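Below sits a lone chain in structure tokens, taken as the form predicted alone.
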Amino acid sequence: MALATSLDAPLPAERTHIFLLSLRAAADQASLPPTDMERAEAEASAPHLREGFLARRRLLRRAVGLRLGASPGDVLIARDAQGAPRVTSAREPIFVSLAARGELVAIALSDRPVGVDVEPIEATAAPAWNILHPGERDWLRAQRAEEQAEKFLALWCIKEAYLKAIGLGLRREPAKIAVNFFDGADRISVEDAGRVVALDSAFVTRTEAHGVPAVVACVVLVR
């Protein structure tokens, strides 16, 4: 899985595509007006959240259009029963996931259930030990003190990406999910309530795209 930082280049022929975009890239609403459904969703949210919601939807529709070779104006996005975005206009199965923190928007597209998460790296951030599985706590305590905050973000991003992929988000207790890294972070496994999850692929990386240091993770499930 490669990480794209713009919507300008053609996509490689891969099962899963991950984008890390700047919210500023969706500032021009006139180029892609919202659908009636998006307007209704925006109006139902708090006024200070509407502009960001519509901007993220524009980015998502453009990413889906790029993946499918379709006009973004023809891409329709709804919400599933859990509130996650769902493409309703595609003839082929496509799963989408979106995460946003500040000016960063992470998008994952796949032909299998997928989840994505992004977290900015802040120098003052400290691990939230209470949301970690006991095995994760042991692993994190064994890391160098100056690396623990960033390695915690890697654990957390994988957890949240997995929870999005199974369609539950933070409705589950994060401490019941265990992330394991092998060969650094080149190989990743996830255990849920003691059972190993069948993953198609998993990815986590540190990046400084768009001037913001961040950790990005993506999890794709076996269908």
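Note that the structure is a prediction, hence the values are computed from the model and not measured. Position 1 is the first residue in the sequence shown; the rest follow in order.
Unshown form predicted in complex with a small molecule; subsequent notes refer to it.
Annotation: in the predicted bound form, residues 93, 113 and 203 none come within 4.5 Å of the small molecule through any heavy atom. Proximity to the small molecule in the predicted bound form, taken as heavy atoms within 4.5 Å, picks out 95-103 from the listed stretches 95-103, 129-137, 145-153, 68-76. For the options 187, 171, 195, 48, the one in contact with the small molecule in the predicted bound form, meaning a heavy atom within 4.5 Å, is 171.
For the chain shown alone, residue 87 is not a contact residue for the small molecule in the predicted bound form, no non-hydrogen atom being within 4.5 angstroms. In the predicted bound form, the small molecule lies farther than 4.5 Å from every heavy atom of residue 62. Contact check for residue 167: a non-hydrogen atom falls within 4.5 Å of the small molecule in the predicted bound form. Proximity of residue 53 to the small molecule in the predicted bound form falls within the 4.5 Å heavy atom cutoff.
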